[in-house]
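A single chain, nothing else alongside it, follows as structure tokens in the form predicted alone.
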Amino acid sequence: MTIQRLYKTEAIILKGFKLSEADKVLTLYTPDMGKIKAVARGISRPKSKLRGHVEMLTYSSLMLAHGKNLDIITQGQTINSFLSLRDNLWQISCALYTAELVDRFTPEHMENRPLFELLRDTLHTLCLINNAELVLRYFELHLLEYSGYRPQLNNCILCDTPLKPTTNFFSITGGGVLCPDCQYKESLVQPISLNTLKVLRFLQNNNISAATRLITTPRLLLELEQLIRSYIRYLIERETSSSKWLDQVKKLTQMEQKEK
């Protein structure tokens, strides 16, 4: 039985690092193989034909050859470079955040087509809008779902009673909402307002297009961000480097808006 040396796949480039002066190792997210690593030879050279097709956050069709340790990218064709992201500091920061989360939550060589499609559609949506907050929350919630950590938002995670329209409590360790009667039975619990719970349910049960049409307040957006990011930080046991950068860019953007 012969092994096919060459194979073709679509991929979104998550990150890369230098292997030598001209070569890089790239982390790719594919629809049919999940996360893989591959070598892109010579892409640091100015005349490299491959270079533009394997830049970070580019969605490309790639031809690869099986290698002894790492596969080698031999050809590439850009499907979508998400070009408008690269002209906006806030939007590119959001995009880098989504790429890092996919990298953090996924093992290598495990197919997860819904997650690939989520990342692709999120990058596309970020190109079209200015206010990315709800898009990021949508992305985070569905990333959690496709990674096996879908938050329970309808019934109390301990007593299983339907949640009443009042202030309930989110359990970071339990991965869901507690009713007021059960709030003291779990550690790492924080209040969740009724409006925040409604928005979370809406984002969890609708598509990304619907998420962009929601009208919210700055206070509600902040509560959503703090709650979901606390849960993510607990799961991966650290703060992502891109989220720290994202916070800095947000502060800078807000300061610039106030000055106008």
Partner chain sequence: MNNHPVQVAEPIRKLIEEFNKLPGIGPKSAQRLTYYLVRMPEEHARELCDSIIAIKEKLVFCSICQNISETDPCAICQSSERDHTLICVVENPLDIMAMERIRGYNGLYHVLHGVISPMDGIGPDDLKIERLLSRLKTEDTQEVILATNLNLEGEATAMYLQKLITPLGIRVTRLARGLPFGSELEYADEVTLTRALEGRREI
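Computed from a predicted structure; not experimentally measured. Numbering follows the first chain given and starts at 1.
One more form of this protein should be noted, the form predicted together with the partner chain, which is absent from this view; the next part is about it.
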**Message:** To verify the annotation, which of these, L57, I232, L203, V39, has a non-hydrogen atom within 4.5 Å of the partner chain in the model of the complex?
**Reply:** L57
**The unique member of S81, S147, N155, Q183 whose heavy atoms fall within 4.5 Å of the partner chain in the model of the complex** = S81
**Message:** Would you classify I12 as touching the partner chain in the model of the complex, given a 4.5 Å non-hydrogen atom cut-off?
**Reply:** no
**Item:** A22 within 4.5 Å of the partner chain in the model of the complex, heavy atoms
**Value:** no
**Request:** Give a yes/no on whether L89 approaches the partner chain to within 4.5 Å in the model of the complex, heavy atoms considered.
**Result:** yes
**Message:** How about L141 - does it come within 4.5 Å of the partner chain in the model of the complex, if we only consider non-hydrogen atoms?
**Reply:** no
**Message:** To test your reading of this chain, name the stretch in 91-99, 113-121, 128-136, 157-165 whose heavy atoms come within 4.5 Å of the partner chain in the model of the complex.
**Reply:** 91-99
**Prompt:** Each of S61, R213 and L222 near the partner chain in the model of the complex, meaning some heavy atom within 4.5 Å?
**Reply:** no
**Asked** Along 33-54, which positions have a non-hydrogen atom within 4.5 Å of the partner chain in the model of the complex?
**Response** P46, K47, K49, R51, G52, H53
